[in-house]
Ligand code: PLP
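Shown below, as structure tokens, is a lone chain in the form predicted alone; questions about how it binds or moves come after it.
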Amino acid sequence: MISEKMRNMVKNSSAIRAMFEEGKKLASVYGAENVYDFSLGNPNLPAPEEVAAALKNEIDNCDPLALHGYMSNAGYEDVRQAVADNLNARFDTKYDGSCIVMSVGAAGGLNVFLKAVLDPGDEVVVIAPFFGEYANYVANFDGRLVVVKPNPPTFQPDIKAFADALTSRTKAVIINTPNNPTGVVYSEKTLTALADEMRKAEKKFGTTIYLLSDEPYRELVYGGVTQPYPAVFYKNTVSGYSFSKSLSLAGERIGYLAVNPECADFQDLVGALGVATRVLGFVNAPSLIQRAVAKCLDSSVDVGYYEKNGAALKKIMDKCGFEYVEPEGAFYLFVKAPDGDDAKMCAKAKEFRLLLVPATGFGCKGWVRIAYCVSPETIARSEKSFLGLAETYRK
């Protein structure tokens, strides 16, 4: 018999993955070209050429025993230093290699952090809409998820509601900007206000509150928008990064945690992160891809490709009369269900072979997420189906 905790997780399994599996079934019936799968945030651009060159160089020129062997749980020292140097050059920070823990993607990094800091009953505050797996990550370590209500139409956090959510049991706050699912970038004003409220709460309760900044979409911003670096606003920040989106390496599972050197209990925290990496069974981040990404820290996929996809999809939504949030980053369009029922909209969409994700699982009922990390041809072919979906709301 599986555990009761796992039974609940299976029952509430990700709507995104469920829709993805549904898409494979529909494709087998109608043909993949006739199914418009906007469910999964799986990059459809190839990795930059520099990645393949770096991988080949490591394989051709490194001692294979060293290349494929164990290293420090936190990762190769020279890779960690390269990441720190790159962050310092870009954001005027003061990291060194000891601040960096290489991780099995951002998801692995977030779990490592939560394992390191949570005691049973500790609270983790998230701001809706949020990536739904956060609930499972916090539950993994018997924490309690506290959800701050969404704040449409801007979806910048409601600062008063956020302040009210902070208590003496708050151990961490998770933010995600650019945001999945809205594509909204948290402004400097927002980050300043969030940091001010956390400092007030720390002083009021005599506790430390960590900001866990989940940043897999940091490089994917559009239209002259700049993503402020959260760690410069709040000293107790741990930044979780993934190369899944910026280098299209989602399946390679490589990322890192960057611990602000001014963090409270810095030495204990980074030591705990290394041990958590081991005891969670990761042991260390994958060795070969660690070495390769260290040579590609200034590389990126063509962000303009996703921006053009977003523009094409917005034109279709305008024809349909659907209301949406203007995306500033990532590769999602957040669309309002005309009747306020996101589950019903997604069910209707399947009748037109459109696979959308209901945002109830993101803590934001009444909206749907459309992932436009697909081919331009898929977007163009989907127009007729979207128009058909829109027509059902006019009857």
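Please read all numbers here as calculations on a predicted model, not as lab measurements. We number the residues from 1 along the sequence you see.
If you look for the form predicted in complex with the ligand, you will not find it shown, but the lines that follow are about it.
Contact with the ligand in the predicted bound form, judged as any non-hydrogen atom within 4.5 angstroms, is confined among 219-227, 131-139, 115-123, 310-318 to 131-139.
242 is the sole member of 277, 182, 239, 242 with a non-hydrogen atom within 4.5 Å of the ligand in the predicted bound form.
Interface residue among 301, 296, 289, 107, judged by heavy atoms within 4.5 Å of the ligand in the predicted bound form: 107. Interface residue remark: residue 253 is counted as part of the site for the ligand in the predicted bound form, having a heavy atom within 4.5 Å. The ligand is not drawn, but in the predicted bound form it has a heavy atom within 4.5 Å of residue 176.
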